[in-house]
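The data below hold one chain only, encoded as structure tokens and taken in the form predicted on its own.
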Amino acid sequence: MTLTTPLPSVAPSPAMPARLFAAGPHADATLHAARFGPLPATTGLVATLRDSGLTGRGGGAFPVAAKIDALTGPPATIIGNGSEGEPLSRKDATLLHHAPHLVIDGLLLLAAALNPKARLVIVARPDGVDSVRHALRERADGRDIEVRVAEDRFVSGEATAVVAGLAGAPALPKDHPLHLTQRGVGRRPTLLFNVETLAHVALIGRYGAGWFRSLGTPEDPGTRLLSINGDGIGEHVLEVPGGTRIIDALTAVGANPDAVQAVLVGGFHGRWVPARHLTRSLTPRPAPDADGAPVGAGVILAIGVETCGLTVTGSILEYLAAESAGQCGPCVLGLPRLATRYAEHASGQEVDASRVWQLIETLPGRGACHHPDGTAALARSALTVFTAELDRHRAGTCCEGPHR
């Protein structure tokens, strides 16, 4: 289900910053060096990262400095994760395609600061691999960096799945009582960061924490990349300041908010936000006051007023059930059952909602990974947001036309 269309361009939006793509599209070593200069010294890098407030851009929003602090020894392996298992996400592949040297810089800076002898690996989707390999051939300091092709599965981008793949096993999530910072590749301390996170490390190492914090909010400093898709919008990768409102991200890519019925924020494990709440801000984590929209993996999917959100969600749930890691009951048995019961209820055929809600309430927290949790949360969100559509389905109609 991964998108196979050409990667989006990175033409800057007049309304948004352009830090990560400041060297321009297809930035080779010459363009990169002209814009950013040589690698900076790493003295005080970890303290600077702590002051910057940088959080991971892969979806978990874990503070970068806290992850480094959790290491039980020098990291034997440092991984740049561009696996991007989320089907609608293109931000990491786009970043690796247009600004690979920034990611490489971040990886090298962390290695210089934490363990110059660490094994360095970049894992990328097929459409991002060639650019990384070309960039590594352009520079003398990147010759020891390995490049691995990520498996094209939804769950393969999870950190333990990436580590399993590096060990030659299927790239599936593992139940991990110990964090990778304690025991990862080769049972030794391992650091894994999303490739966008590494690119921010490279910028913070050059320009400092104050510069990074000059955009964004205190809770979400700096900038982040979004993959934006949807009806009448096309496909975009957009850099935005932390705390950007959903409506501002949509208008920056030319969307008409009046034509939007709802947006799915955070990808296939995300939450639906109805049009009346498009002024909500994107947040790195769930907001305590529910006024924000957790950005998760940085994916926004907008649907128009003539697209049925229940039907879209049903297709996603079927996909997620098929993408089970196949390792525990909640995934193997629970997710297909959830997809079936959701379809029966959302279609209007099954009036009793208790059968689907029983699964939504009991699946979370019982799997070896968070795949059941995210899938159940998506179903919950759809049935909460699209209640009017549910009533129409029971009456035999739908925003898309007649409904059976």
Partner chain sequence: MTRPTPSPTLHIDWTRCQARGACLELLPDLLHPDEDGYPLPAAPARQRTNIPLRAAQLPAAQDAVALCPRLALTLRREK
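Residue numbers count along the first chain shown, from 1. Quantities reported herein were computed from a predicted structural model and do not represent experimental measurements.
Keep in mind that the form predicted together with the partner chain is missing from the display, and what follows is about it.
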Taking heavy atoms only, is G186 within 4.5 angstroms of the partner chain in the predicted bound form?
no
So in the predicted bound form, does any heavy atom of T30 sit within 4.5 Å of the partner chain?
no
Does the 4.5 Å heavy atom contact test between P330 and the partner chain in the predicted bound form come out positive?
yes
Is there any non-hydrogen atom of G37 lying within 4.5 Å of the partner chain in the predicted bound form?
no
Report the residue, out of G348, G367, G56, G53, that has at least one non-hydrogen atom within 4.5 angstroms of the partner chain in the predicted bound form.
G367
Under a 4.5 angstroms heavy atom criterion, identify the one residue in D291, D175, E306, D144 near the partner chain in the predicted bound form.
D175
Each of R337, R341 and E361 having a non-hydrogen atom within 4.5 Å of the partner chain in the predicted bound form: is that the case here?
yes
Which of 45-53, 22-30, 367-375, 58-66 lines the interface with the partner chain in the predicted bound form (heavy atom within 4.5 Å)
367-375
